[in-house]
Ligand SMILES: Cc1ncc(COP(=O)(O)O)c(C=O)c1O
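Before any questions on how it binds or moves, here is one chain, the form predicted alone, in structure tokens.
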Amino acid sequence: MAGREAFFICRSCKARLSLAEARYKCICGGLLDIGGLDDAFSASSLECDAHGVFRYRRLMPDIIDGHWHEATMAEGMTGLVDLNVKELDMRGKMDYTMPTLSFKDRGAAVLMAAAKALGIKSVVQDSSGNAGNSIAAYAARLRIDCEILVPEGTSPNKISQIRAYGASVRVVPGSREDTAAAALKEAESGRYYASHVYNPIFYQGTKTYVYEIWEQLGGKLPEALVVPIGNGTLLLGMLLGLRSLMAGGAIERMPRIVAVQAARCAPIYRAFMNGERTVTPVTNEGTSAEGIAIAAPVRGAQMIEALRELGGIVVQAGEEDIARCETMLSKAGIFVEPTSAATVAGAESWARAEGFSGSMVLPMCGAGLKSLH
């Protein structure tokens, strides 16, 4: 289909590279984005033969066309549920109800369909757990060998789930950043790096998050979208989706964007509040919200740029508020990881401080079972 013959484009030197090269970074070392897509959203963009994520495949690179039907497990089109937060119009998008109990299934389904099309036989990935689960599951479905590297201290439940899919797990001593460095060594040796951070095909899946909300709310978006940020997987996908909706005339203005970090690991918050364009790594002081505990985000500068383009803000959530909101959500029947509770905590604090009474949608990113130690 015209307008879908996408390519990689380097953020640093602007070089164009074929998706068939299966790269995770440019020859110059720069980070890659996807170029060449004519993805202006319209009603004709929707496919009726697929549920959720692949309903929007006309807005994605055509490389996925031959294998999406093998990859899909009906991920996406998750429900919107009132979070029962007193005096606030706050709804959760229940992405923890997807096949591996995490929103990362959006990106993993698309990335692994592309990997299958490229003839990839084996992949490696690093993760604090959720992305590893997703990649392992879709690799199993597509009969691709998989190794997931996780940092020490990762929830045993997440590790058990990865192994259940038949993937091998390597626990890396040290921090999340040490784990990423170990995975990069594997990638540099020639293995396909199915990274939710480096590989921009992943964001072609996470952008469907906003398409679904637009459909579910009858052709509009809420007044505010609140998103947790660590590596930026969902934020950067949302940016692509919002641009697409705007380009197609589906929306006339952007919603308020509120990004949330855990106060004990908040490099994006610090950089944004200081008016900086780049992000200085911080020390992870230890937070229950392990899904966003990224002390040195690879795409930090890109996240800052995205937030400023969207007119967004960044707020923090403290550990006591995270624990309180986790309990509050459980009592409303919603059992999620601390990362999702952190999103609620940050949104609630911001809304009450600002006197904001408009509609909000937040992702419920991962099931609570994953974080039990």
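Throughout, we count residues from 1 along the sequence that is shown. What you see is a predicted model, and the numbers here were worked out from it, not measured in a lab.
Another form exists, predicted together with this ligand; not displayed. Remarks below refer to it.
K.L.:
G92, P255, G241, P228: which sits within 4.5 Å of this ligand in the predicted complex by any heavy atom?
P.N.:
That would be P228.
K.L.:
Which one, T72, S128, T78, N284, lies within 4.5 Å of this ligand in the predicted complex by heavy atoms?
P.N.:
Looking at the other structure, the residue within range turns out to be S128.
K.L.:
Applying a 4.5 Å heavy atom distance criterion, does L362 contact this ligand in the predicted complex?
P.N.:
Contact check for L362: no, nothing within 4.5 Å of this ligand in the predicted complex.
K.L.:
Mark T233 yes when one of its heavy atoms lies within 4.5 Å of a heavy atom of this ligand in the predicted complex, and no otherwise.
P.N.:
Although this ligand is absent here, T233 would touch it in the predicted complex, with heavy atoms inside 4.5 Å.
K.L.:
Applying a 4.5 Å heavy atom distance criterion, does G107 contact this ligand in the predicted complex?
P.N.:
G107: no contact with this ligand in the predicted complex.
K.L.:
Using a 4.5 angstroms cut-off on non-hydrogen atoms, would I292 count as touching this ligand in the predicted complex?
P.N.:
Because a heavy atom of I292 falls inside 4.5 Å of this ligand in the predicted complex, the answer is yes.
K.L.:
This ligand isn't shown here, but in the predicted complex, which of 208-216, 268-276, 233-241, 116-124 has heavy atoms within 4.5 Å of it?
P.N.:
Stretch 233-241 is the one.
K.L.:
Scan 320-339 and note down the residues that get a heavy atom within 4.5 Å of this ligand in the predicted complex; none is a fine answer too.
P.N.:
Those in contact are E337, T339.
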